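To begin, one chain is listed below as structure tokens, in the form predicted alone.
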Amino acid sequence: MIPKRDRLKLPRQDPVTRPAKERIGDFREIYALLDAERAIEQANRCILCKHEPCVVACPAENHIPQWLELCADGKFMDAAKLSHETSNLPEICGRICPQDRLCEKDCVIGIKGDPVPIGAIEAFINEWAFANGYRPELNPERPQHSEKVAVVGAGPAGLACAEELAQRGYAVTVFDAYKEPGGLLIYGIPGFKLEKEVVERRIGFIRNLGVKFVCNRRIGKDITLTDLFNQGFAAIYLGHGAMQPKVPGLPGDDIEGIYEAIPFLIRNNLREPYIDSQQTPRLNLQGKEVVVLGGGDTAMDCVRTSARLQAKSVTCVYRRDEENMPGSRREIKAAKEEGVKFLFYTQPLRFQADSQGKLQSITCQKMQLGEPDDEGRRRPLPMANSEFTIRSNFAIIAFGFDPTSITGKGDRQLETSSWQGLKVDENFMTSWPGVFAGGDNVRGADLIVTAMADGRKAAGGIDRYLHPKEK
């Protein structure tokens, strides 16, 4: 490695980004991978500080300094294998984690300069390893258990839990309501952030570990948790996420031209085999004045998708300021480059229709920030006599998501919080013994890496539950 005193002299270099005018013409990823030379140089910028704040800031507690050091020495395969010790989705998290709010935010060299591009290096080392033959394999020394475990949800939480359980010697079947596995990674995140091939490859790895997938099966409707126990599953993990949209109940929200975020993203970002594109073709937004309500990553996905559908204009309306937006800074920057406008300190009040009953405009109110709330964010407060109207003939509501109930007829009711999140103990077990949960259905809509980390930890809890005397 480069001597420590010289590392701070190296400037940060991020992956090459495709020009905005080019990338809004398709749904492919906008960032290239680092090349080997650049990855080594950037990994050498890590000063291997003693307290490892990047690790502390990572929900998965990844061995970041250690695999950065391996990468700096050109040991890409070893670096990738080490990244897999704490992460089931490193090539995915490297692409879509909001590193600017997590590991890179707490990078020590970022105090006076630019932090190490940790995410870009994570993506590089894993793609290099896959290209050179690396595949996750079962530990040959794993125990061989007779119990079957059911995993509900084929998103990041469920995939991580399934892989960990397989590595612990269990027979695992994953049930999912969608046509194909992948959950939010496929059906929620657009290809310009995460191409479907990347997720498909990861699912292939997990299949090769012996995990089975049963799709088009909605738990609680097509089959109940009680049914799963009756079929011989010894434990169940609920990783079905939080997909129930928060509905503000604004006057006029039933007017034609108003969409919910997830159906909009599914229709316009997916093709076969995930949906029937002949029945649900992509929308053509030419001439549309699109307004997206909300400021999180889903809202950014919606505005950037709208730009690719050739909208006349795209505006994001958010009730706080840019600094307080919950979405990734990288995504906000990309949206601005792609022509999206932002209207801050603004809250929608009601929708108006034209003479044909179609959306015509949105009445809004100016906001100001008051004292911090329980989470430390300053509360948005309405300003008196500040109503105004913005033109819009196509609006998308992206105010976030809540968990949905998954219990069916004959099932025990699971204990929930005041906002319907499932309550779990330190082993991620719910109030129903043998039923475990983690990810967004426990925390509320959160990060991919947090859901994955929950799935990993829950697998340990399931193992201890099924074989307590061995732990």
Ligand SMILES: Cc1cc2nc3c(=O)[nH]c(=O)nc-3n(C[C@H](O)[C@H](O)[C@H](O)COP(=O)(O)OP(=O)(O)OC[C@H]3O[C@@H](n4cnc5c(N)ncnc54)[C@H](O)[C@@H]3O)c2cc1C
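Start at 1 with the first residue shown and count on from there. Here the structure is a predicted model, which means the values were calculated and not measured.
Separately, the form predicted together with this ligand exists; it is not shown, and the next lines address it.
Worksheet item: Heavy atoms within 4.5 Å of this ligand in the predicted complex: which stretch among 213 to 221, 335 to 343, 73 to 81, 127 to 135?
Response: Of the options given, it is 213 to 221.
Worksheet item: Heavy atom within 4.5 Å of this ligand in the predicted complex: which of 172, 189, 118, 362?
Response: Exactly one listed residue reaches within 4.5 Å, namely 189.
Worksheet item: Exactly one of 107, 150, 123, 96 has a non-hydrogen atom within 4.5 Å of this ligand in the predicted complex; which residue is it?
Response: Exactly one listed residue reaches within 4.5 Å, namely 96.
Practice prompt. Decide whether residue 64 counts as a contact residue for this ligand in the predicted complex under a heavy atom distance cut-off of 4.5 Å.
Written response: Judged by the heavy-atom cut-off of 4.5 Å, residue 64 is well away from this ligand in the predicted complex.
Worksheet item: Using 4.5 Å between non-hydrogen atoms, is residue 158 touching this ligand in the predicted complex?
Response: Because a heavy atom of residue 158 falls inside 4.5 Å of this ligand in the predicted complex, the answer is yes.
Fill in: residue 193, heavy atom within 4.5 angstroms of this ligand in the predicted complex
The answer is yes: residue 193 has a heavy atom within 4.5 Å of this ligand.
Worksheet item: Quick one: is residue 241 in contact with this ligand in the predicted complex, heavy atoms, 4.5 Å cut-off?
Response: Close contact exists here: in the predicted complex, residue 241 approaches this ligand to within 4.5 Å, heavy atoms only.
Discussion item. Could you pull out the residues of 280 to 319 that have any heavy atom within 4.5 Å of this ligand in the predicted complex?
Written reply: Read in sequence order, the residues that approach this ligand (within 4.5 Å, in the predicted complex) are 297, 298, 301.
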